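Here's a solo chain for you in structure tokens, the form predicted on its own.
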């Protein structure tokens, strides 16, 4: 069952009701410079209990936390956006590109797997060819996969497949 945005945020202790719509969040958002993301609009829509779950801009946030760190009211904006996204995914809504990233995490243990180009760049920067992750320790990938299954992440991603074609995202 879908929770109303205001109820969901209240239950998570992340109320947007104290937002005074100053726009500091939107003005400091690096993603908003390159995408249609308007953090203030999402906050206002959620505050007014409008359907933000079907808003593709909800997925444009890179979770850099600049809006949250600069908010004069101390609103946990990114945490709220993540809570709204989580509810969206449970509704079967996920942008196709995010589904691809989720598939990479499930398959490779990384959202952005290391390829030969990145290995060369790392070496030129004086770094180890591989980061301290499952790339360097492939035996750990089985553990990551077990965690993704145990937490329900794999099933959740699987359950959202094809939903965007049914009127979701």
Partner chain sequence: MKPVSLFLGCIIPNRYPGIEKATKLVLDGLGIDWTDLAGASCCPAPGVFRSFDKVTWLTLAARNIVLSEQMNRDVLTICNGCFGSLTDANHELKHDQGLARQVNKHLAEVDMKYNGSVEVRHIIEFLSKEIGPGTIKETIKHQLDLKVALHYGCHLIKPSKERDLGTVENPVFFDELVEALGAQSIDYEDKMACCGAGGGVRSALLDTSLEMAEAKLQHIAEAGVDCIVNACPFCHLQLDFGQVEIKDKFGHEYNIPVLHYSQLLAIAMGHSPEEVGVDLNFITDAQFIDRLRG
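Since the model is a prediction, treat every value here as computed from it, not as a measurement. Numbering follows the first chain given and starts at 1. We call the rigid core the largest set of C-alpha positions that still match within 1.5 Å between the two forms.
Here the subject shifts to the form predicted together with its partner chain, a form of this protein not shown in this document.
Trainee: Check whether residue 20 has any heavy atom within 4.5 Å of a heavy atom of its partner chain in the model of the complex, and answer yes or no.
Mentor: No - in the model of the complex, heavy atoms of residue 20 and its partner chain never come within 4.5 Å of each other.
Trainee: Is there a heavy atom of residue 40 no more than 4.5 Å from a heavy atom of its partner chain in the model of the complex?
Mentor: Output for residue 40 is no: heavy atoms all beyond 4.5 Å of its partner chain.
Trainee: Report whether the minimum heavy atom distance between residue 48 and its partner chain in the model of the complex is within 4.5 Å.
Mentor: Heavy-atom contact with its partner chain at 4.5 Å: absent for residue 48.
Trainee: Test of understanding: in the model of the complex, would residue 12 fall inside 4.5 Å of its partner chain by heavy atoms?
Mentor: Yes, contact at 4.5 Å.
Trainee: Where, within 58-88, is there a heavy atom within 4.5 Å of its partner chain in the model of the complex? Residue list please.
Mentor: Result: 59, 60, 61, 62, 63, 64, 65, 66, 68, 69, 70, 76, 79, 82, 85, 86.
Trainee: Does superposing the core leave residue 152 with a CA shift of 2 Å or more between the shown form and the other one?
Mentor: For residue 152, whose C-alpha is compared between the shown form and the other one after core superposition, the shift is 2 Å or more.
Trainee: Fitting the rigid core first, would the Cα of residue 54 be found 2 Å or more away between the shown form and the other one?
Mentor: Residue 54 C-alpha, core-superposed: shift of less than 2 Å.
Trainee: Taking 2 Å as the cut-off, check whether the CA of residue 106 shifts that much or more between the shown form and the other one after a rigid core fit.
Mentor: For residue 106, whose C-alpha is compared between the shown form and the other one after core superposition, the shift is 2 Å or more.
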